[in-house]
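Before any questions on how it binds or moves, here is one chain, the form predicted on its own, in structure tokens.
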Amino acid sequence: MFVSYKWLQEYVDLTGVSAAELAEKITKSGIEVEGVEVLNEGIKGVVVGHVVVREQHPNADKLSRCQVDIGEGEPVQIICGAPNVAQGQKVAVAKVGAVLPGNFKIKKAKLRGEESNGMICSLQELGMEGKIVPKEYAEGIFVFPADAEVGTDALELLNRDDEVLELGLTPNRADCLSMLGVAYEVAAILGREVKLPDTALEPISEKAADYVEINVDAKEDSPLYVAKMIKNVKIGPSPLWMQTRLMSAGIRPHNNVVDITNYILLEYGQPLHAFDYDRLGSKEILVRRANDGEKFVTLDDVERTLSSDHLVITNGTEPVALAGVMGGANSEVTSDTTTVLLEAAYFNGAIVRKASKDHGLRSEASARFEKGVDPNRVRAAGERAAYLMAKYAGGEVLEGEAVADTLTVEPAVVSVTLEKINRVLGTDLTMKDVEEIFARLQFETSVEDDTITVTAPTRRGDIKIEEDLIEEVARLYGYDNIPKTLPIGSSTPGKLSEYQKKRRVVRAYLEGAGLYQAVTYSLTSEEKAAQFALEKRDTIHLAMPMSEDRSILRLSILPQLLEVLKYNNARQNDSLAVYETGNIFLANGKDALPEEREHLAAAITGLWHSHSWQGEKKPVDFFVLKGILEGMFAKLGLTERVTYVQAQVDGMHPGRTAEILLDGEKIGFAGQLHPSVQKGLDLKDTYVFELSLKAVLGAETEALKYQAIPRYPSITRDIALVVNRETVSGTLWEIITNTGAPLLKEATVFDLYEGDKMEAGKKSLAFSLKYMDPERTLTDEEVTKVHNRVLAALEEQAGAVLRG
């Protein structure tokens, strides 16, 4: 809801309260003000000018040379490109030195050899959206009424010296979908009175009931239908002040009659509709349900097919309006209209919503009916509209109204005790305080002992139970004034468990290593459910799946991550690294709930490093993947407890896959996808891992210990060992580290050779060994003794000999 600050002042005295201050007060009372727009922000130097002379530009067919009086003595020459500029018009002129939206500054200029001292402006150039500008001015400059005073501030005449508050209303506060509703709210907040608009009119002696008869078949859908008759209407533009108020609220002006109905929609929150009485074709209005398959052309010239779920206004036979949504083209007010039948009705919100949704016709009117209008404001809105049509369209209002009324509305009566109000809010209010709050809201009250009984006006349909009354007291008393208290009793402050802390460490590490976090479905297909599963169990089928592709709970995360890579690769993002932490689901039998285990999986494809300037490119390989895992285990303090063993896993490359063991127990695997799987997904070489995060994070670890930087030098020895081709480096590394302890501190592989200079079935593995004692400097003899013991153990246990 857009609320004009200047317009609001007509109903409530806002002296001493700026628009920004008012926005803050409204927000603190429970209705969020999403923003305050200053309509003339950044605009200056725009005045009303009078086009004294308009001539064709001597050097341009589409330009006009105008002499414009701007109230500063002699007229100034302005070159204008608008097609509708004409002599005698009152127009908006940006003088030399003026500033327009976007910090556009007006300077003296020459256009095709002719001097131009300013700019004649369109409404769009003054910051208004094209969709709200009157159609006759959509392609050219705006023309003021003839009585506009030359030299006055054009922005003031256009009501651009205003500020608009945008209210973010919740569905229960439909009462604030009108200026009067907001006025009641603001008056309650400020403790001031509401001034209602003038509706006093003098009808002519003819009676409205003699011109039209109202009949309602669908009484539950339309319990109240009121018709006012206005004769001798002269269709024309509405007053400028009304047009500008409509535009500030986002509504495009059309003509005086239509604009008045839209104005009342904003002012009272009551949708109205004006019919051309002479085009109705009868003296009857019949409100009924539509017939299935019935055709009807709405104001937007679209033929609609109706059903019995829709409510229509008819002339007794054919529809002339879709109730609460849109009128019909067959009874539309045109420039020739002289007699207006004005509809003011109360429609059931559900049936209006049904029609609005079925036909895709969401309008300001339908939105208000859907949320609920004030039934006691229907007649008042019709009277106000008739008053404005008499005043601004020259109409003659007929006496009385034609009406069908079966509406019975009783205001809500709710009681609450003072004790409960204070107990819920933690306040110490007196009954007098509470009565004053409800008096500000204009709620009738009566007090008996400790109980206050409130009669809520029908405009506040959200007041139904005693908690609603407590809320009203709280927000008008002021949320900031409610005492702050701490919970009573002992409590333990919330914190992350050790498991949760470690999970955050894992996520932070992987993202720091360059992997993106993915979140995929836990539901998959029969084909993918058991792929890459660490533990094979029966699959768990959903009773009512969305589709076959989402019918089974997953046993592994990897199939979904591979779909992520496939999706990105198809969009030319072929170098990607993703990971996911999520649950897999293991069946526990037919009648038992499944076991959920948290897994960690990652998938990497394409280039790991690409430095175009240095010309360096490094594709992903097994050791990139293993390095990521080793870094993660180091973060968790598990480095020495994790080992890798060559393995065969379905869907994985037979020679580039390893099982991951923690304390000798399998927790997952890592390696390259099988080439056939990669081809099926249209991926390059792709490396993946999946492991039981529950097992990793649940592992007990010792407290972190720090070691001093060594004071004594280390000694490094390199060895190249000839072993059988089937012997893996991990076996040799384990022999070396076990035998060389405690002086041997590090052992790393730095070379593998399987060339033609090696005998058949053999390979060479080179290790670098670092010996050190933190307490003293080692002698060469001590190192040699340990080193020889290592070589002997290698030969004895693995058949490894030094390469000659």
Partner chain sequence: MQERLRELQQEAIQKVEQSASLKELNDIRVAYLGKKGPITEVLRGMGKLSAEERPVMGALANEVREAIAAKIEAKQNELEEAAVLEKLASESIDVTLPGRPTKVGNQHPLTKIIEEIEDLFIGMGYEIAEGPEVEQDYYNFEALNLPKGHPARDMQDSFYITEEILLRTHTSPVQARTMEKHQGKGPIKIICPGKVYRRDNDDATHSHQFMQIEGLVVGENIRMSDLKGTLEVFAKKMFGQDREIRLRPSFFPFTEPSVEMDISCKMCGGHGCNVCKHTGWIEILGAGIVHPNVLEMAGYDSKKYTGFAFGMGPERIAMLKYGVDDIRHFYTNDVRFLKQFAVEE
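Basically, rigid core = biggest C-alpha set you can superpose within 1.5 Å across the two forms. Residue numbers count along the first chain shown, from 1. In this text the structure is predicted, and so the values were computed from the model without any measurement.
Note that the form predicted in complex with the partner chain isn't included here; everything after this is about it.
Every residue in the set G426, T485 and K590 has a non-hydrogen atom no more than 4.5 Å from the partner chain in the predicted complex.
Judged by heavy atoms within 4.5 Å of the partner chain in the predicted complex, the contact stretch among the candidates 94 to 102, 138 to 146, 544 to 552, 275 to 283 is 544 to 552. Under a 4.5 angstroms non-hydrogen atom cutoff, the partner chain in the predicted complex has F585 among its neighbouring residues. Contact annotation: K420 falls within 4.5 Å of the partner chain in the predicted complex, judged by heavy atom distances. Within 4.5 Å of some heavy atom of the partner chain in the predicted complex lies at least one heavy atom of Y567. The partner chain in the predicted complex is approached by D468, whose closest heavy atom lies within 4.5 angstroms of it. This chain appears without its partner; in the predicted complex, the one residue of K666, H674, R289, R353 with a heavy atom within 4.5 Å of the partner chain is R353.
Here is the short version: of D153, D433, E596, E332, the single residue with a heavy atom within 4.5 Å of the partner chain in the predicted complex is E596. Contacts between 161 to 187 and the partner chain, taken as any heavy atom within 4.5 Å in the predicted complex, involve T170, P171, N172. Core-superposed comparison between the shown form and the other one: the Cα of A603 travels 2 Å or more. Once both forms are fitted on their rigid core, the CA atom of Y579 lies 2 Å or more apart between the shown form and the other one. Relative to the superposed rigid core, H541 undergoes a CA displacement of at least 2 Å between the shown form and the other one.
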